[in-house]
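Okay, here we've got a single chain as structure tokens, the form predicted alone, with questions on binding and movement later.
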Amino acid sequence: MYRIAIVGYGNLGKGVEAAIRQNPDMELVAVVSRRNPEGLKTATDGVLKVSLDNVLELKGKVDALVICAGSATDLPEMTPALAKDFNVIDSFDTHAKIPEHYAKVDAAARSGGNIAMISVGWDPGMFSVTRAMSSAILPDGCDYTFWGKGVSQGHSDAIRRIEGVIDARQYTVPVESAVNKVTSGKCPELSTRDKHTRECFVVAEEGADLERIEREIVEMPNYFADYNTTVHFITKEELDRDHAGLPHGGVAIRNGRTGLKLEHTHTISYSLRLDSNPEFTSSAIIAYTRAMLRKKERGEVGCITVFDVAPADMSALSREHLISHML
């Protein structure tokens, strides 16, 4: 039985709690929060509620911390800080900064003799694996990833960090003409701006400088600066009425060629359609938490990624069952 603590109890944290309840070898021991922990109401009885300031009280009581926080400002600090004292896993999704994040977390985990795993979910995560496998199988080819239409948790959180913003939803929308070019089997050259647009629905404080907020959104590096971005200011009532759900999905595609004259073309396509982005991401995190802790049991330390995990380590099923039923 793996003893798990959740750090952060928002949409992702609640999704992790639900995922733990579906896995018989997982037990939710504690929820850690920067808010007053006594005010938290969890769906699981008997869970310890701990302030982030007192997280060291959990040493020896949990096998891993699942850090459910934003990539914009929280995870770059929280994951390496906690990796010094605990086995940790996160869903850091700022693709351009993953190498930097990896290096910090690896150093911290090794200093404490712990194992850590970063950038777990569906992208980065499951799509990362299919991109690596597809490029290995079809070395002469090209990769494309399209996300959405759906709500990006990380981008929505980044908007909410802007001064004067009360709440926000950000939709990632594939450009249909770009999708059509790729699904035809060709390898067009497409820029970031060619492939997606971003649409933001923002609730601002009364009297806030809307022009400044819009400018900070569209110019935000790593999030919006490379895209055609539209910002809509709406009321809280409109946001709650029209944008309460958190759907998402996407497709990772590789078009490639084989043959002595590269005369045959092939397409590998891996797609997801998600009713709840945070709940699906949470389910992926819990499967990878199992794999991470199995690697720790074998003596591994430092930071790992989805590229370092064998599928059998993710599964609660026995090796014999996997071979007889799924191979």
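All figures in this text were calculated on a predicted structure; none of them were measured in a lab. Note that residue numbering follows the sequence shown and begins at 1. Throughout, rigid core stands for the largest set of C-alpha atoms superposing within 1.5 Å between the two forms.
Below, we turn to the form predicted together with a further copy of the same chain, even though it does not appear here.
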| said: Which residue, Ala225, Leu210, Ile98, Cys187, is the contact with a further copy of the same chain in the predicted bound form, using a 4.5 Å heavy atom cutoff? | reply: Ile98
| message | Residue-level contact is defined here as any heavy atom of the residue lying within 4.5 Å of a further copy of the same chain in the predicted bound form; does Pro139 satisfy this criterion? | response | yes
| Any of the heavy atoms of Cys303 lying within 4.5 Å of a further copy of the same chain in the predicted bound form? | yes
| said: Residue-level contact is defined here as any heavy atom of the residue lying within 4.5 Å of a further copy of the same chain in the predicted bound form; does Asn36 satisfy this criterion? | reply: no
| request: Report whether the minimum heavy atom distance between Glu216 and a further copy of the same chain in the predicted bound form is within 4.5 Å. | output: no
| note | Only one of 83 to 91, 195 to 203, 128 to 136, 234 to 242 sits within 4.5 Å of a further copy of the same chain in the predicted bound form by heavy atom distance, namely 128 to 136
| What are the residues of 244 to 266, in order along the chain, with a heavy atom within 4.5 Å of a further copy of the same chain in the predicted bound form? | Arg257, Thr258, Gly259, Leu260, Leu262, Glu263, His264, Thr265, His266
| field | Lys181 C-alpha shift between this form and the one not shown of 2 Å or more, rigid core reference | value | yes
